[in-house]
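Quick heads-up: the structure tokens below are two forms of one chain, split into structure 1 and structure 2.
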Structure 1
Amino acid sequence: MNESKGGSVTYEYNVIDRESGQPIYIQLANIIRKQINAGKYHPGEQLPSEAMLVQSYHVSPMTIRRTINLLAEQNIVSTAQGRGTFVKAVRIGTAAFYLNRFQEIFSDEKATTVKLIEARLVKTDERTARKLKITVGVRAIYIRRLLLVYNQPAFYHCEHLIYDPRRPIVESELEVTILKGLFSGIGSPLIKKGELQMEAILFTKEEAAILKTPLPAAGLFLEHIFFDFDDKPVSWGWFICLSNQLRLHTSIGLDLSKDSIYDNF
């Protein structure tokens, strides 16, 4: 019943299997992706029009649209109303480095332990006050932690938290804190958004000592600010680590390994 017209039983892999359970629009996207990969359409070239694809694959226009949308989201094709759909060329600017490796480390509860180095109330200095949008001298919680992966120092974390006297600090919270969910995958319901910035830095003496690395050493500095639902900053801080702890890699262009759309993390 899935044979193409003509009655031949020749196996065609560029054909939709309606029994497979995989959505048609994904099957179609994979078919087109394979065709591009095989060189049937080169960057800059035009794909068949949606009307043509509707005829070729015997699906509804809406389904073709979903297919094209999917490919467009994945930066494989671009669409131009009135002109057509075209294969995109690889551009380095579309590269994205994700922190999922970072999260993996933090959610591995067996391997990762948190060592509290310091936690105290401090009077905020100018910079901290500016970041947390409070007045200089107002008290804030200052926490320093060392995160060990398989008992090896991996991340040094400094953090300034808004101090709310109505919510007394529970000792045990300091090692894990509000932010735990941000890494473990649960997420904090109190945080609305965050801003992150990454830089390469030279380690200070103290940082090198804490991370047990000889000087001079270079590493990554990952700054974060988190905001609550009133758009007020609640946490400002940074992670410092050796580059090999946070290897950032990505790929651009066609990658047939991401056959499925279910690669959300």
Structure 2
Amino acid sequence: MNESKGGSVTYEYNVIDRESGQPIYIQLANIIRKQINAGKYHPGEQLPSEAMLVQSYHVSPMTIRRTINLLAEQNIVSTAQGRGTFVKAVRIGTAAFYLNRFQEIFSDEKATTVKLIEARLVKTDERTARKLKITVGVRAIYIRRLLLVYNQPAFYHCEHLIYDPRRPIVESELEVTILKGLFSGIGSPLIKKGELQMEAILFTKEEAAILKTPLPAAGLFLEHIFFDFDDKPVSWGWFICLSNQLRLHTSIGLDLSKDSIYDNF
């Protein structure tokens, strides 16, 4: 990209090397991707028509279509029937956040220890029964535990489990093997999926005492529901921690960091 005498910006990402062994449609996809990266085309803006690209780069309509299909597969552009091809706009609503801190904690067995505070049978109240989709008053297992990192309190965890003596889930949960598998990225043979929801809270006196932090104190509340392979809830609970213990990470917008789309093929 160069500046002309009048101050306008010109783009030089437009050379196809026909002597190269790289397919022309991939070269053209890289040219367009670099133009987007340089700001020639902005998110939401329409790319030149197929006829214009054929004329500009002296290639066949089939090559243009393969180029556009490749860019669409790479999530760089989207096509609309009868309207044309558009640079993908940033959609924050579809961003995925990664709980890297949990993965670090459960993967580091030397640094992380789990202290079982309580494990007992309880009669489910209305809220617990609704979360686990069972009848109020049915027995469930209630577990409280403290996760320590380098012997310092990090996460306070409370959990209600469906009581079924035929399932090995109780023994597994007491040893936290299911949580280790899920949050370390290994998975669990007993759990198909989970739903997580996070919100900010103020600690109660009990929570502050367990996490050894003075009041008033703010933190994070991470609620979870785990489902078995019949899509039935088997566990409902929550993690509580100081806000500095848990960070969310995501990326939004176009991923144009690679030098070449060819790197993916």
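Residue numbering: sequential along structure 1, first residue numbered 1. This is a predicted model, so every value here is computed, not measured. Under this definition, the rigid core comprises the largest set of C-alpha atoms superposing within 1.5 Å between the forms.
K.L.:
If I had to pick the form predicted alone out of these two, would it be 1 or 2?
P.N.:
Answer to the question: structure 2 is the form predicted alone, whereas structure 1 comes from elsewhere.
K.L.:
If we fit on the core, is the Cα of Thr113 displaced 2 Å or more between structure 1 and structure 2?
P.N.:
False for Thr113: its C-alpha shift is below 2 Å.
K.L.:
Aligning on the core only, does the CA of Asp125 end up 2 angstroms or more away between structure 1 and structure 2?
P.N.:
Comparing the forms between structure 1 and structure 2, which are aligned on their rigid core, Asp125 does not shift its C-alpha by 2 Å or more.
K.L.:
Would the C-alpha of Thr135 be classed as shifted by 2 Å or more between structure 1 and structure 2 after rigid-core alignment?
P.N.:
Thr135: C-alpha displaced by less than 2 Å between structure 1 and structure 2.
K.L.:
Rigid core superposed, I'd like the Cα shift of His42 between structure 1 and structure 2 in Å.
P.N.:
That residue's C-alpha sits 6.1 Å away in the other form.
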